[in-house]
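Listed next as structure tokens is one chain, alone, in the form predicted on its own.
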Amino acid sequence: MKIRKRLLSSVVASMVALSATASLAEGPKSGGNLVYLTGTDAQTLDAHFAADSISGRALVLIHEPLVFPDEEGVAQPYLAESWELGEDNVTWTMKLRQGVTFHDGTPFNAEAVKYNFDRIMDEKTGSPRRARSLVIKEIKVIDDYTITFETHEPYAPFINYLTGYNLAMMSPAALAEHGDQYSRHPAGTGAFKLKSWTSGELMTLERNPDYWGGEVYLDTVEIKIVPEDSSRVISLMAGEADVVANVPPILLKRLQNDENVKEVRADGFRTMYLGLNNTLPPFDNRLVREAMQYAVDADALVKGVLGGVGRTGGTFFSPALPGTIDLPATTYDPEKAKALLAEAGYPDGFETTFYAPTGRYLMDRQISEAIQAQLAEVGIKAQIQSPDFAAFLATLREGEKAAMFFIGLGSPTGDPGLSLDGVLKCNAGSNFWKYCNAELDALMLTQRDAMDFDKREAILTEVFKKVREEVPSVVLYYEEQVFAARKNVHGVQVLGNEDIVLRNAWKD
């Protein structure tokens, strides 16, 4: 039942207290600055234009959605105190929290919520996430703190959909005043406000003294951009930083031997893939795609390169996502890979270009080079190309050049149905494999309509089994998020969707 609750969320939710946690039992201290080091900077603080987890991670420190996941991925009341699904299965009525203001003094109310949704849904806005909002047919303001959403059809992931960083609430007044410069003048309802931002270097946040969720303990948070993994860890151990993101496995033992630091881990929603473009030869041949599964030793990648951080499996999405099934990984078998390649017409293997980012994912360059060496064992000569990440994504979206690539895809909402729409549906925005199966599309649509827990779970199981048979790309492993903090830092939470929560953080 726990998984089912996470999968669909409750159709009726009650208000919960958010200002206290068990970790604060000893008595948190107010004041101080927290230095947080991360490898890359946010691209934007405009929720409607954020298209990467790093931007999302930063903007939700300033803004908040109507509902927000807890550490287990369960959608919890937030700016919305409660919600109820009508008997028609398409009308959601939400009661909003009263007495909340945006950082610029604008009141948070139903009109503000409608303004945000109208903006992301407006084609003129140009939001890269607009398509996901089109499940909504109509939004009505009932009174200042009551709003209804009517979907075109029953839509089981609706509440989980609202947890995404793209639907974090922004001040209508600030959006109207600053337009496309809003990212430099954000006004959310969160525990922290933007104080200053030097792109690529430093973002400084300050306490919101009027935060509705209770006392914010830290005076300021400094988010410093330090691309080099080892430099972040060295700064932490030297006491120059309080929290660091993406700790490389090679340095974990060193951290574990330091009595002044601690690990902060979370099972991630991100799956790492050896991406194969199903429309480009030789990967338009299913036998070749199947051969690639046997040619790559994913277990060796996790144990040898990642030092055991992460785990292998055969489900297209991480089993940390509620509603997925845990299919076993394909057993490494280079001889079988060679036989399949020969059957496909490539007895001597083939040559291909292998697009791989450097610095975006944990040990990504090293992983790519290890895959390159494994493929060579079965006659596949892969030449690595490593453009900057923006150019890398642009190449994948073009779909006419990158036949093979290394990429990771997560889930901002923690709902597998929403992820399916974006990653496997024909012509979906993140369907970099250019995979298209009309039968599977129909099945994915059916799971969205299934308001019954058991029915939806059964459909998702069928979807993942069919995807496993089709091999649109090779599932390598599921990421584990590894952060680290000084021992005197408390109340830091890392969520599976890659958010870091600092509203209850404090230092002694």
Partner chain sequence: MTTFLLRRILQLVPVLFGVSIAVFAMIHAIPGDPAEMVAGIDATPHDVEIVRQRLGLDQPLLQQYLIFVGNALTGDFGTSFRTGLPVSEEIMPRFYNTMVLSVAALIISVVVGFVSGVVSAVWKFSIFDNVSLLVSLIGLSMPPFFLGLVLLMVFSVDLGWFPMSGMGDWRHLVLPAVTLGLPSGAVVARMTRSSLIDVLDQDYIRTARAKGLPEYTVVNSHAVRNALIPVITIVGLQMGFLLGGAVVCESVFAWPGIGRLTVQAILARDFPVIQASVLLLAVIFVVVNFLTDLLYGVFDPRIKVQ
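Small disclaimer: the values here were computed from a predicted structure and weren't measured. Residue numbers count along the first chain shown, from 1.
What follows is about the form predicted together with its partner chain, which we do not show.
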Whether G308 contacts its partner chain in the model of the complex should be assessed with a 4.5 Å heavy atom distance threshold; does it?
no
Give a yes or no for K193: in the model of the complex, does one of its heavy atoms lie within 4.5 Å of a heavy atom belonging to its partner chain?
no
Counting only non-hydrogen atoms and a 4.5 angstroms cut-off, does F432 reach its partner chain in the model of the complex?
yes
Does G214 reach its partner chain in the model of the complex if we count a contact as any heavy atom within 4.5 Å?
no
Should the three residues S231, A390 and L393 be counted as contacting its partner chain in the model of the complex, with contact defined as a heavy atom within 4.5 Å for each?
yes
Using heavy atoms only and a 4.5 Å cut-off, determine which of K137, R265, K140, R397 is in contact with its partner chain in the model of the complex.
R397
To verify the annotation, which of these, R130, K338, R207, R119, has a non-hydrogen atom within 4.5 Å of its partner chain in the model of the complex?
R130
Counting any heavy atom within 4.5 Å as contact, can you tell me which stretch out of 438-446, 468-476, 43-51, 61-69 lines its partner chain in the model of the complex?
43-51
Any residue of 183-202 with a heavy atom within 4.5 Å of its partner chain in the model of the complex counts; write them all down in order.
R184, S199, G200, E201
